[in-house]
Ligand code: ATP
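The form predicted on its own is given below as one chain in structure tokens.
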């Protein structure tokens, strides 16, 4: 093992101790004959997320290994662990395939990370069966040495797991795991268009569908007089917070509300039907834009019966106006679960900032069981073609860069 005379921190080895980052995935490993394509996409996505760093991502024995400067390991570890498809990432220290070096590495790591009496367990994984010592023998020899250094064995719930991995060409010590979001790499399951209000629900719905491998674009219906004015709202920054960890750009469509509003004022539609008509109009516009940009589905933050506009009858009436499938990742969540997820992914604080979205301008008391025939009758009174053309013409498209 390389020698280093600098003193280690009692909280763990200093950053320069590690010389690479290992990325582990779980769900991708179950993809059978398609595993290679999923792994390659994950590798590409991690590379995109690490563009600002001096890092190289390579496949390495059913995982990915990121070669990078030692002083960049903490930042690269954090960035890689945020990419969809990653089960966890961990810093690693490369070792020679020598039993004495493995033992020394285990002891050094214990001394740098723990105090005498701390519980530990050696987890040895020997993928190279030609190595002269079995996984069990490695664990026993290294464990005995750590015990002599003051450690206490606890195989079930150790305070310090010490992980040693032996491969045909090298070995390494694996450091603490940083959990990733799991799921599938972005782009593995197609492109979708997410209806994005800027409230609590829609960012969480987008995040969940992105974690299933969908690359998302976003559409936001705004009340600003122009698309340029809408760009100053919180919406572009919220979208950026979702796409930035993935390293891939997204499109944001800022779509005006005023064409629908003007038509509604001229037709004297009953107030309790206004919201369902507007939501149907949003579906029409979103489906048109999605089809023009190769999206296969629409995504919304709807939750079954959370509010009056999200009853079964209202959701069915909305879907009837869409020409693409409508996916609702939050359909069975309760509000507390949605809020907890929003806090965890970092969108909650932005979501609760004061903001007037379009639905707040429409009647707050929609019917919970609208008659579809009545909805269609009222809709025929609106100048749909004119409203649609004007709305699409005034839609502003932004490219949200990571």
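What you see is a predicted model; the values in this text were computed from it and never measured. Residue numbers count along the first chain shown, from 1.
Not pictured, yet referred to below: the form predicted together with ligand ATP.
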property: is_contact(residue 202, ligand ATP) in the predicted bound form, heavy atom dist at most 4.5 Å; result: yes
property: Residue 302, heavy atom within 4.5 angstroms of ligand ATP in the predicted bound form; result: yes
property: Contact test in the predicted bound form: residue 306 vs ligand ATP, heavy atoms, 4.5 Å; result: yes
property: 4.5 angstroms heavy atom contact with ligand ATP in the predicted bound form for residue 233; result: no
property: Joint contact, 66, 127 and 174 to ligand ATP in the predicted bound form, by non-hydrogen atom at 4.5 Å; result: no
property: Listed range touching ligand ATP, judged in the predicted bound form by heavy atoms within 4.5 Å, from 67-75, 178-186, 275-283, 107-115; result: 275-283
property: Position in contact with ligand ATP when the complex is considered in the predicted bound form, options 243, 321, 195, 289, heavy atoms within 4.5 Å; result: 195
property: Candidate from 84, 207, 131, 221 lying within 4.5 Å of ligand ATP in the predicted bound form - any heavy atom; result: 221
property: Residues of 375-401 having any heavy atom within 4.5 Å of ligand ATP in the predicted bound form, listed in sequence order; result: none
